[in-house]
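Only one chain is shown below, in structure tokens, and it's the form predicted on its own.
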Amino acid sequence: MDAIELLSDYADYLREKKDQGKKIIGFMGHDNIPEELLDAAGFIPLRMIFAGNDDLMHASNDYLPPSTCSFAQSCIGLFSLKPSQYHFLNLIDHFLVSNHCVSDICTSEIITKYFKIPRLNFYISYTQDPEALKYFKLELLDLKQQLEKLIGREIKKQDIIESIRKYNLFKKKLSDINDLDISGVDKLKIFQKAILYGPVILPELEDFIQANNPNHAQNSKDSVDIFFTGCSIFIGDYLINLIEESGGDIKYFDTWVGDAYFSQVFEEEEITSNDDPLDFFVQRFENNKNGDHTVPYYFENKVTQIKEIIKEHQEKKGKKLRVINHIIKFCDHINIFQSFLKKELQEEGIQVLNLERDYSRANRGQLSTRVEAFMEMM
């Protein structure tokens, strides 16, 4: 299924849900939004995980300077130009304003103000000390109250727990898909679709796992195994195809659309032993040591994690993982990390390509040259 077909089917799905009386909450996709709470309140969470192009980026310049993250520019462009395949964005009832980064909060505020979408607020600390955890709990309580005001009733504890269980199973299935020995492009397509739809497509994920039996190895000795980190590859982006055409095979997506999303699960004994389900989200926030939102030890934690995964992959598969660090232009969170990452990994003999780009189609040839040269070095 290509991006156009996926977006068309998703638009039909959302219209059907709207006809049934469902409301939709949009938000910039990052790893600390408690979508289980939105689901427990009866809303459909809609993550903005759509790549852009030149037109979308340029359309944002009336609202943001060109030196803003290209992903943020594209999100503004989607609401400004309203391309036909994204008309479903007009179905959004509320937009959640959060602060994963400066571009996140600016973009969310612009979308709510200039495109007249009612806003909800959910702000997150940049530290994980005890006071920050207390603050996060207060924000969760406030978000819960905002949602309850919209629906006119209390969100029951059991509804939140059941939503947590549902998303747990959903994310575990995505983790199972991540372990399949299939091409990176096939993994990414199912990850993107799953994060867009949510747990409603659990049966499709199970069928996908059955159809791609993990006992049937498909690993090509000619391809270069890639650990992909940094910024996500969103729906409509050509980069994954470019990497595969150049001889790479992405084995590990260390991004929002990948491990950073489906690794955040709870065990059943944790769920049954906790009196307040909001504490699960606090615990998850505290345990998110590898997310690029929090300081002060993100750099060190991330490098340690990457080294461990690369070592484990070589022991299991007998092949080295090379690292592509994907940097969307003007994404400060990832950009400031690139020199440290490359230095630390190269000292361990791990090859790294820092690949900075925007969504301009004109850059494809240059990107292809850089990726091909990196693969040839192997």
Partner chain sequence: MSVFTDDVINFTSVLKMAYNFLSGREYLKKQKFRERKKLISVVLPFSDLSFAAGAVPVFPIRMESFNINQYLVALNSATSILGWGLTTKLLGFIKQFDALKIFDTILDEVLKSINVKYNEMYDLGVENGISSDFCYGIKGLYGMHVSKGKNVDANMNFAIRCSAFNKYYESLRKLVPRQIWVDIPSRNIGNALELLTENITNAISDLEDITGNHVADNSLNKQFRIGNQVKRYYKTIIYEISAEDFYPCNPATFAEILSLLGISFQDYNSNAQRYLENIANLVKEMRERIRKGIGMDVSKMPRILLTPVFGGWEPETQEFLYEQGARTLYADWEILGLLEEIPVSKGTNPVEEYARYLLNAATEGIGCDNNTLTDSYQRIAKKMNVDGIIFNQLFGCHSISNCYPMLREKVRKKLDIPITSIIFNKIGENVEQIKTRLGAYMEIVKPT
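Residue numbers count along the first chain shown, from 1. All figures in this text were calculated on a predicted structure; none of them were measured in a lab.
In what follows, reference is made to the form predicted together with its partner chain, a form of this protein that is not presented.
Handout entry: Touches its partner chain in the model of the complex: Pro296 (any heavy atom, 4.5 Å)
Key = Pro296: contacts its partner chain in the model of the complex.
Practice task
Evaluate Asn178 for contact with its partner chain in the model of the complex, applying a 4.5 angstroms cut-off between non-hydrogen atoms, and reply yes or no.
Solution key: So Asn178 does not count as contacting its partner chain.
Practice task
Answer yes if any heavy atom of Ile195 is within 4.5 Å of a heavy atom of its partner chain in the model of the complex; otherwise answer no.
Solution key: Result no; Ile195 lies far from its partner chain in the model of the complex.
Problem - its partner chain contact in the model of the complex: Pro65, any heavy atom under 4.5 Å - result: Flag for Pro65 set to yes.
Exercise for the section: Can you work out whether its partner chain is within 4.5 angstroms of a heavy atom in all three of Phe227, Trp256 and Thr369 in the model of the complex? Expected result: Negative, none of the three is within 4.5 Å.
Exercise for the section: Determine which one of 45 to 53, 31 to 39, 310 to 318, 334 to 342 lies within 4.5 Å of its partner chain in the model of the complex, judging by heavy atom distances; exactly one does. Expected result: Result for this chain: 334 to 342.
Handout entry: Residue among Asn212, Ser246, Ser125, Gln305 with a heavy atom within 4.5 Å of its partner chain in the model of the complex
Key = Of Asn212, Ser246, Ser125, Gln305, the residue with a heavy atom within 4.5 Å of its partner chain in the model of the complex is Ser125.
Exercise for the section: Could you tell me which one of Lys172, Lys156, His87, Lys134 places a heavy atom within 4.5 Å of its partner chain in the model of the complex? Expected result: By the 4.5 Å criterion, the partner-contacting residue is Lys134.
Exercise for the section: Using the arrangement in the model of the complex, list in sequence order the residues of 92 to 131 with any heavy atom within 4.5 angstroms of its partner chain. Expected result: Stretch hits, in order: Asn99, Cys101, Val102, Ser103, Ile105, Cys106, Glu109, Lys113, Tyr114, Arg119, Asn121, Tyr123, Ser125, Tyr126, Thr127, Asp129, Glu131.
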